[in-house]
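This document opens with one chain alone, in structure tokens, the form predicted on its own.
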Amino acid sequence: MNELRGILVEQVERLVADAGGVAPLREVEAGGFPQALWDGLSEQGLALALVPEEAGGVGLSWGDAAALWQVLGQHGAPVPMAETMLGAALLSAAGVEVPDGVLALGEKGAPFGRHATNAVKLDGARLTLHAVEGATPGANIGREPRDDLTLAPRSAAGILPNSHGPRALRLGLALIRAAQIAGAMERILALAVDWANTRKQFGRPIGKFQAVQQQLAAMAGEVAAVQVAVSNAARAVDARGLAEAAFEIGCAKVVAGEAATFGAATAHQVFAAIGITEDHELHHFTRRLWAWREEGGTDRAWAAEIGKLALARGGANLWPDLTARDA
């Protein structure tokens, strides 16, 4: 991790940690919005983090952004900062001035759409900006807002460059959710390790039993795999743009989806029944892992797409295609 990225991660980590643990998660599930957390992150310039400096942004790389999204996922941060960062990056790439406030992605099932002032839509490579006039509340399994929006006629429009392409929103959201899963997996692993070192059975911590140690080791392996896959995908976006990084993004989402399934199940085995209760932190992260696993394309959907591409290329090209890919 370079020095700048390390400083940013530390600042965001401090801001999100000070927000109060699972309290803001419960606030959102009750219909509220952690305005102080949003304001704190906005004051750091995160909304324009992926907008080039010459366009008034911060000019971070996608690798830097993915590192910040992992921090947000590590705390389950219930604010649409990652989505707003993606929307602002695409608007800027299309030559559209980025408005202030929360940006919603799309019109149906928009994350935190009820709190957005504007929404970004993509039709082919044509990107349009709309004021949000109303929202029909909905939620995912993590009880995060996923709303159907009523939008005003477009206020601005632009064409995305070929490097991002007509699937930019789906690809960007897939990378965001994979990064958030990486962060959330790291958090539930830390919770499980702490519990294994304190919970005693037969006179000693359960972490002293080989069966539990094996579970935690396997879980740590999944965490490392997701982090590497996300880092590789973000590096590919920096090198070639979202469209040309579809393979790496799809692989990251497949690895993240499988890790979320395994990690949540394993953590609950370590915690036993207490992890299921609403009072326990693991309960909130489990629901979010399951929700993020489904958004931006499931692991099965991405695996099918990658498999079709590999079949179309033929077996003789599989190894050269894999080894030739280097962000």
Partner chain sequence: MRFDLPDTPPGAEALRAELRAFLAEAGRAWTPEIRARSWMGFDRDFSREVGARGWIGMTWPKAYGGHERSGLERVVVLEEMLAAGAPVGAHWIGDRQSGPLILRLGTEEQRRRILPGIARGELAFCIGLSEPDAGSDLANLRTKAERVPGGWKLNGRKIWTTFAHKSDYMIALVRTSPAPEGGSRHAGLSQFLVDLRLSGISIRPIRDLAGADSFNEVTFDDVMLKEDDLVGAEGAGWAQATSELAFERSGPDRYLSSYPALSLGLDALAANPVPGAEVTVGRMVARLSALRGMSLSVGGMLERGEDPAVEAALVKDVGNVFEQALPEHLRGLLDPEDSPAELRALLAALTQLTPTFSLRGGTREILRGIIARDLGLR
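Residue numbers count along the first chain shown, from 1. None of the values given here were measured: they were computed from a predicted structure.
Although not depicted, the form predicted in complex with its partner chain is the subject of the following passage.
Though the partner is left out of this view, residue 322 does reach within 4.5 Å of its partner chain in the model of the complex, counting heavy atoms only.
Within this chain, residue 23 is remote from the site of its partner chain in the model of the complex, having no heavy atom within 4.5 Å. With a 4.5 Å cutoff on heavy atoms, residue 152 does not count as touching its partner chain in the model of the complex; it lies far away. Using a 4.5 angstroms threshold between heavy atoms, residue 125 stays clear of its partner chain in the model of the complex.
For the three marked residues, 42, 81 and 240, no heavy atom of any sits within 4.5 Å of its partner chain in the model of the complex. With its partner chain omitted here, the record of contacts in the model of the complex names 227-235 of 141-149, 103-111, 227-235, 155-163, defined by a heavy atom within 4.5 Å.
Interface residue among 132, 168, 251, 93, judged by heavy atoms within 4.5 Å of its partner chain in the model of the complex: 251. Within 4.5 angstroms of its partner chain in the model of the complex, the stretch 195-225 places a non-hydrogen atom from each of 196, 197, 207, 208, 213, 214, 216, 217, 218, 220, 221, 222, 223, 224, 225, taken in sequence order.
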